Each structure stands twice: as structure tokens, then as C-alpha cells.
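One chain follows as C-alpha cells, the form predicted on its own.
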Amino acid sequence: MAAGEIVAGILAPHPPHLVYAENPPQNEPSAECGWEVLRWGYERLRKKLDAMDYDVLVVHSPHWKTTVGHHFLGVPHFKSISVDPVFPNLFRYHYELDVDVGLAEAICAGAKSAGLVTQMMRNPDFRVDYGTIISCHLLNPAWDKPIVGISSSRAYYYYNNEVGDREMLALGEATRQAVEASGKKAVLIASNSLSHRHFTEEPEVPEDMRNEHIYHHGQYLWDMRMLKLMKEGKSQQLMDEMPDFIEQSVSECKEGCLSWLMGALQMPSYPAEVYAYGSVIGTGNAIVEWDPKSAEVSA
């Protein structure tokens, strides 16, 4: 069997507003327009993914929060409705998806062997979190690829940012090893925003773009710094600064998704491609891709 590989790593933020504005048939609310810069960025990235040969989407989500350890979806098929608890007026999405249980089990076992606390989630009535649903929809609205869903552990909260990052780097390495052993081609998805301080009141018309701007200029400066490091291929420096970035910008990176991705990609030294950056309810959101093939071209 040929070795598997990670064919792309993607930072894919999950504001429900982006699905709402697209008006897909699965979502009950309808919108007039909105957040075009981010939505068009996703459109461009989808075109690239559609032309790629890959077997599975592996997604780490901030909104499947597990108190003890790292959990993995372990049921072959899910069908239900996902409702955003903050924006039920925007996101009531009827989903149906398949899970690559074999790969999920392999990552779970590999992470356990590396000393992490892990658990397979076997409840067939489990409601898949909206972060997973939104990022997967925005990257593959056809839902014709199975997924592996990974939870967000509480290491950052119970200990500190440095401990959280170490855990996520180890989980990323276990993910890479399991993908390579599987013989499959995987797209890895870190489903999180960058800066994450947001407004607490919604405008009467949610898609009224007059109200959309970054919450605080300091957040914006931090986001631009981190994106610059990504574009320059300075992943180790990005990780060195991650604890401060998390604190200073109230970053959703505190859930570990981006650190997991950096671990799985083995601290890429090649430039990332930024497809879009924009604000949703004051948060900073970037759509970014790391293409391992670009490292081969530049070598």
C-alpha cells in the first residue's frame, strides 16, 4: 500500500454568517448578501480543492469542547440539524455526513501511544458541532467526502497556553503518522478564527455590512503579524509567539486547532497562501492554505 499524505492544510474559520449569506438549501434562514470577501475567498479555495485528489477531510473544531482529553467521531454516519446557539436566527442547518471511522481510530490510538488522553465517541445520536459543520460545508458543500472530527480539549484552560500548544503539536504529529500509515490523501482543517473579541449586539439586518469592522485595532495588528509569519513560512516563530497572540487578541487559537495543524504539517517552512481576511461581528477571520507540494517546488 502506498503511503498516505497530507495534501493540504487549511485554516478555515467558521462564522455561521458565511453559510447564511450563501443561502444553501440545507440552511433554513435566508439572506440577501453579505461578507463577500470571505465567501469569495472560500470560493477560490474550493476550486483548488475540487481539482485535487483527496480522500478525507480531517477537522479540528473549537466547538466540540471535551473536558477530559481528545475525542474523535466514531460513528459511520450522522444525520441531524445543527443550530448555532448564539445565532439560531442565522444557522439552522440540516446535515448528513459520513465519517472515516478507521482513520479516526488510528489517530486516536496514535495519540494515546504518544501519552495523550483520547476517547472514541460512539453515540449515534450525537449532534455534530457547528464549527465542524460550517467549515466542512464552506470547503466541500457537496459533502461527498468522509470526515474525521476531532474535539478541542481543555489543556489551555486547565493549565496554560504553553501546555496546550505542546499537547496540540503532539496530536498533530499523531495525526500525520496515522494519515501516512492509512495510505489515504487527507485535507486537514483548523476550524477557527484568529482574533476573537466580538460585538455583543447584532444589528437589525445581520447582513448590513455598514456594521462590519474589526472590534479593536490591536486585534487587527496581531492578526496581520500572524498572517505575515504564515506568508513568510515562519511557522516556528508563529508558534513561539502563539501564547502571547492568544492572550493579547483573545484568539480562538486557544482551542488548539491551528497549533494542531502546525504539528501535523511539521512546522512548514514554505509560504502559506492567504485567500481572504475579513471581520465577522468584530472577529478576525483568515482563510489560509498550506500546500506541501509548494515545498517540493521550492526545494
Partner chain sequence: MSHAVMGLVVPGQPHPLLAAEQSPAWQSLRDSFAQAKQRIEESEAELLVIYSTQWPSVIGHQIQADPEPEWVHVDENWHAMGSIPYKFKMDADFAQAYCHAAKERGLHSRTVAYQGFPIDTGTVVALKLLNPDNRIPACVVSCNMYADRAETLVLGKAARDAIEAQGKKTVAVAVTALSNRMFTQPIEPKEDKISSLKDDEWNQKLLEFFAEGRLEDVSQLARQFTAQANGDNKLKAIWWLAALMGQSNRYVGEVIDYQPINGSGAAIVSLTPSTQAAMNQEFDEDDVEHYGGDRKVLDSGSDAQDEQGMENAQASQAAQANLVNAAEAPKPVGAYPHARREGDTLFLSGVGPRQAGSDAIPGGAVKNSDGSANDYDVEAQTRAVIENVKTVLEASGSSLDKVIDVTVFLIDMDRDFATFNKVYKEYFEHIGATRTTLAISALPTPIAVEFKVLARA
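A quick note: this is a predicted structure, and the numbers were derived from the prediction, not measured. Residue numbers count along the first chain shown, from 1.
Keep in mind that the form predicted in complex with its partner chain is missing from the display, and what follows is about it.
A.B. asks: Exactly one of 117, 181, 209, 221 has a non-hydrogen atom within 4.5 Å of its partner chain in the model of the complex; which residue is it?
C.D. replies: By the 4.5 Å heavy-atom cutoff, the listed residue in contact is 117.
A.B. asks: Identify, from the list 162, 202, 98, 105, the residue with a heavy atom within 4.5 Å of its partner chain in the model of the complex.
C.D. replies: Of the listed residues, the single hit is 202.
A.B. asks: So, 67, 92 and 121: all three within 4.5 Å of its partner chain in the model of the complex by heavy atoms, or not?
C.D. replies: Result yes, every residue of the spot touches its partner chain.
A.B. asks: With the partner removed from view, which of 121 to 129, 222 to 230, 139 to 147, 170 to 178 is the stretch that lies within 4.5 Å of its partner chain in the model of the complex, judged by heavy atom distances?
C.D. replies: Selected range: 121 to 129.
A.B. asks: Within 4.5 Å, heavy atoms only: does residue 63 come near its partner chain in the model of the complex?
C.D. replies: Yes - in the model of the complex, heavy atoms of residue 63 and its partner chain come within 4.5 Å of each other.
A.B. asks: Is residue 109 one of the residues lying within 4.5 Å of its partner chain in the model of the complex, judged by heavy atom distances?
C.D. replies: No, residue 109 sits far enough from its partner chain in the model of the complex that none of its heavy atoms falls within 4.5 Å.
A.B. asks: My question is simply whether residue 21 lines the interface with its partner chain in the model of the complex - judged by any non-hydrogen atom within 4.5 Å.
C.D. replies: No, no contact at 4.5 Å.
A.B. asks: Does any part of residue 280 reach within 4.5 Å of its partner chain in the model of the complex? Heavy atoms only, please.
C.D. replies: Taking the distances in the model of the complex, the answer for residue 280 is no, it never comes within 4.5 Å of its partner chain.
A.B. asks: Scan 78 to 94 and note down the residues that get a heavy atom within 4.5 Å of its partner chain in the model of the complex; none is a fine answer too.
C.D. replies: Read in sequence order, the residues that approach its partner chain (within 4.5 Å, in the model of the complex) are 80, 81, 83, 84, 85, 86, 87, 88, 89, 92.
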